[in-house]
Structures are given as structure tokens and as C-alpha cells.
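Before any questions on binding or motion, here is one chain by itself as C-alpha cells, the form predicted on its own.
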Amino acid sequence: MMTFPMHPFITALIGGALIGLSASLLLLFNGRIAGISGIAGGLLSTPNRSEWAWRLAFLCGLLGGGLLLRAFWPHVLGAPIVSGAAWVVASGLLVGFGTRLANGCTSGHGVCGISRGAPRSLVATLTFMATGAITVFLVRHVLGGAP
């Protein structure tokens, strides 16, 4: 295992650059927007085999990258967040509901939509961020969660 000191700002910068690069490459070579919820949703709903293949490859690459980081450089992922299964399930359901409500997720609106100058993506991303800040405040200070 390789370990090397790196400031959290640098790891976040590298992660953001890789997300932008992957979104750009998908748009350049496949003509598709890298909205993860749309890619995953299309995987479940499309009968077209070629559509299914690129969606599956993209999601496998996304998960595989995380697993590789976990295996070889776990320190760049930061401390694990400890929470109960009920919180994880409730959070996942709320994210799914919000994604359907906003017609896209943070990756689709925040990375791809804003970079394309879409006003609705700017509104959606600002809404996501405000909702996230309110949720963190409520969980930490009202419900007594982790400090």
C-alpha cells in the first residue's frame, strides 16, 4: 500500500478534476451527459442493448474506481461515517426522491448542467446545496447527531 501525505484540498481538487474529465470524455466520445441518476435509471428502463452496455460500463467504472481507492489508498477517502442502516436507507430514498423531483442529480446538474450554462441546473444545484446545509444543521444540532 502506498501512503503519501496530501492536503485534503488537494485530494478534493484531484477528485473534482477527475469527475470533470470523465464527464467531458463521456460527452466527447459518447455524446452523453454524465448524470449518474439518469445513467442508472436508464440501465433499469432501456431495452436497447447498446444503451445498456455503456451505462453499465460507466457505473462499473465509477464503483471500480472507488473500490481501487479503498484497496490501495484508503486514507484519501477520509474517516468512515458511522450511522445506522435506517439513516442510510432513509437518506438514499430522499436522494432518489429529490433526483426525480429535480429531473437530475448533483452530477448531472452540478457538473454537466452548469458547465453547459443551463439556468435550471444552477437553480437545482443551489437548491441541493441549501438543502444539504439545512439537513446537516438539523441532524447535528436538532436531532443530536455527530458534531
Partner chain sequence: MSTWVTAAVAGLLFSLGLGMGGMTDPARVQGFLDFTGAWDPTLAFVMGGALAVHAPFSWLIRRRSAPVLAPAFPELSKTRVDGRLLLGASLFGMGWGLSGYCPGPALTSLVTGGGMVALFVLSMLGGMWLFDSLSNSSGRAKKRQTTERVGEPTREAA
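Residue numbers count along the first chain shown, from 1. Here the structure is a predicted model, which is why all the values come from computation and not from measurement.
The form predicted in complex with the partner chain is left out here; the points below concern that form.
Contact annotation for Pro8: at least one heavy atom lies within 4.5 Å of the partner chain in the model of the complex.
Of the residues in 58-72, those that come within 4.5 Å of the partner chain in the model of the complex through at least one heavy atom are, in sequence order, Phe58, Leu59, Gly61, Leu62, Leu63, Gly64, Gly65, Gly66, Leu67, Leu68, Leu69, Arg70.
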